[in-house]
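The chain below stands alone and is given as structure tokens, in the form predicted alone.
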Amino acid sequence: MRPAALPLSVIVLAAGKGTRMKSRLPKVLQPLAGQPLLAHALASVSALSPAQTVVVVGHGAEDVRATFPQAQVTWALQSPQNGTGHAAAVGLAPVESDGITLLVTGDTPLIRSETLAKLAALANEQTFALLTCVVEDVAGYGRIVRNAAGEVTRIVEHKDALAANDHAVLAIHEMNTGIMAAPTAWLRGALAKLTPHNAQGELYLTDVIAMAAVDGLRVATAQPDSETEIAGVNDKIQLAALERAKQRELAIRAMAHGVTLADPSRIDFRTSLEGGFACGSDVFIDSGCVFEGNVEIGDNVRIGPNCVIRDSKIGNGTVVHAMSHLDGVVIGEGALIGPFARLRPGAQLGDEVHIGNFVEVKNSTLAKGAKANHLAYLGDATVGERVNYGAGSITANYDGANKRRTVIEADVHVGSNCVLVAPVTIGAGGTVGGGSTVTKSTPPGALTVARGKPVTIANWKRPAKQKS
């Protein structure tokens, strides 16, 4: 994005504790759309292909670093924490090259890479670039002060304007976003000159704006496309508001790709739409669904209300009925799932498989046309084509120490309320009578009935309740 002679470095300020979050989790690890706040910021800056990215951490530093073990960043520890100016100086220390430094806050997760690129493009050796935004409710934000010619001269923090009873500054609606780009060499000197002469007694990063004006640098400004882009997160109320904003954005993007959403305001994508979520044509998704991890949905798929789908692949023409939970599964074409089905990791369903209400499948394969329509459990099983698995039947796959496998060959009919005690194989075309407990393998084509002989006692009376 930058000329070779003017490399771009990025500093992400992520050291804040987030006291108002009322959480032991560091603020930048609070979840938004299934990812930590910091993950969103890092994704935006990585799109700029910077020469170096430095993340400044403080509160919960070890937890933050552990959350991003593969991140291609340099970590810098701010301890003690003495304001944003101090954090910027800590972040600038490991920057290896001069050029332009872009400073981004880690708690503005919806900032777009296009906005950051536009800002960085304004900066050069003679120009300081600042991202500002005109907002209706500016309370709590630093104000952008301009001279008569419209040039930025300084930033005044809200608390300092209040302390000075400066009504003119308090009336300004152009606010500082905390995101800026500056010539790196100049920034090093400016940060070294900061002093804590303010209501907070901290080193303010915003003070470098006035320094830039004094030093003869041009202060250029850019604005985001929407106020939502630069909205920060300081408490759970703001986090919830940004979650809804992010979900609206993701829903709009999904619909733009041809997905029909019954209610765009009642769906959660806790996954990336750039690779994490792939959808074919003519897909319908009902309200209340949640998508997590890597999800791939084929053409003509219908997903009923209130389903949770995580790390799964769903084939063309499959219908997932209401209240079904899919986690780490692969489903073929033309299958029918649910309602109230639970498919656990390792479940692989072939074409035209039917999994009905209150059926659980775990680490099992079901071949084409197999059916388990009611109240059943299939764990560690291999199920052949056209098998009909009865209501209330289970594979007893755990012997108390080890998991064992059950094989049900093609065209087997398993009656209701059966227990198949693994390891066991039910031969092709066989039938297991209802209520049977099968502990040994059966030959192909056989009828197997394994239950106690019924005993009937005529004229039997139930015990009467004794009177006290």
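Position 1 is the first residue in the sequence shown; the rest follow in order. Only a predicted model underlies this, so the values are computations on that prediction, with no experimental measurement involved.
Keep in mind that the form predicted in complex with a small molecule is missing from the display, and what follows is about it.
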Residues 34, 110 and 247 all lining the small molecule in the model of the complex, heavy atom within 4.5 Å: no
Stretch in contact in the model of the complex with the small molecule, which is absent here, among 115-123, 256-264, 174-182, 300-308 (heavy atoms within 4.5 Å): 174-182
Is residue 142 a contact residue for the small molecule in the model of the complex, using a 4.5 Å heavy atom cut-off? yes
Proximity of residue 83 to the small molecule in the model of the complex, heavy atoms at 4.5 Å: yes
Does the small molecule get within 4.5 angstroms of any non-hydrogen atom of residue 451 in the model of the complex? no
So in the model of the complex, does any heavy atom of residue 15 sit within 4.5 Å of the small molecule? yes
As a check of understanding, the residue in 157, 98, 351, 286 with any heavy atom within 4.5 Å of the small molecule in the model of the complex should be identified as 157
Of the residues 105, 318, 312, 132, which one places a heavy atom within 4.5 Å of the small molecule in the model of the complex? 105
